[in-house]
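Only one chain comes next, encoded as structure tokens, the form predicted on its own.
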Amino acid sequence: MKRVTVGGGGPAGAAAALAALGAGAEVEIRDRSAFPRHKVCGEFLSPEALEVLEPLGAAGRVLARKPAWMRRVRLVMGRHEKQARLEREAIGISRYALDAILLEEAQSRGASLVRGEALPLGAPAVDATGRGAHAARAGTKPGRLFGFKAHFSGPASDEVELFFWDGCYVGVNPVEDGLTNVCGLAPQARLAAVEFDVDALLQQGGDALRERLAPLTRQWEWIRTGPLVYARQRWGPERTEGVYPAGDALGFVDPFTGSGQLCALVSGRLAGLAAARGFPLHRYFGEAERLLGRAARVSGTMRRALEAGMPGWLAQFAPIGAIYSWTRPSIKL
């Protein structure tokens, strides 16, 4: 029986483990962190995610946790606002719950969990250790982006709400247990101007954001992460054959599209199958490009438009339905 090592126990790593187990491999997961854990994440699961989780055997466990359901989307860019119904209901579930569910499912199916450093990895393996490979590229530039996140109690909605202003972004969406996740990112200079006080930063986000947050009560201190670098790993002859990057280790995608967790699950499943079946690395990268490439390119184009000061134009003329569909990865392996 082939033995596959998975570095990282988050959604990408757990999906890789489940896929490799389903292909008949023996799996060891390595992660230095304790689970469950809170992570800076939008905690929005696209409806397509259940179609990825179903063949992995984890969809039932996710639904049993009673996640929140989102039926609408609200987009606020500067003074402009749009609202629309989602074509299909999406799920709100915390990373604290999702990570535990997926890891427990993998362990129940026979995967072993080893606490400690995940790297280096020997083939066959899946590298799902996160975005560290990209973060080094940020250097010490003042334009570096940092993420932040906290849960709030108070009135929940069935919307995913996105707010943009002055290079900053905040997403608000319901999760399980009646809580609301508030997650965003901002340039280092904007955070430094308020001494990294996230509450003060959010007060600068405009009337719509202030009104949305007013009836909510933060449940714990803000957690922060960074620097965040949008990048994708590409195949090259210098890469180690048989070690397949997945999730953020493969590519850190624009969080405002709500496709980050779906991309992690899709790439994790693909990487787990590739490791178990011994796919050539160039074939794996080709399949990853087919599944994820369009979503990454479109979301990158949108981000550059936002950075160029065009949120009002996007809000006025870009159809929400098209933005949503263009930024979804394919789920068909």
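Everything numeric here is computed off the predicted structure, so don't read it as measured data. Numbers for residues come from their place in the sequence shown, where the first is 1.
Although not depicted, the form predicted together with a small molecule is the subject of the following passage.
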Checklist outcome for this item: Among L53, V40, A296, L273, just one has a heavy atom within 4.5 Å of the small molecule in the model of the complex, namely V40
Checklist entry - Between the options G130, P187, G242, G78, which residue brings a heavy atom to within 4.5 Å of the small molecule in the model of the complex? => result G130
Checklist entry - Which single stretch, out of 206-214, 78-86, 190-198, 110-118, brings residue heavy atoms within 4.5 Å of the small molecule in the model of the complex? => result 110-118
Checklist entry - Is the small molecule in the model of the complex near all of A68, L102 and V175, within 4.5 Å of a heavy atom of each? => result no
Item to check | L228, heavy atom within 4.5 angstroms of the small molecule in the model of the complex | outcome: yes
Next on the checklist: Would you classify S94 as touching the small molecule in the model of the complex, given a 4.5 Å non-hydrogen atom cut-off?
Outcome noted: no
Checklist entry - Using 4.5 Å between non-hydrogen atoms, is C183 touching the small molecule in the model of the complex? => result yes
Checklist entry - Does the small molecule come within 4.5 Å of any heavy atom of R277 in the model of the complex? => result no
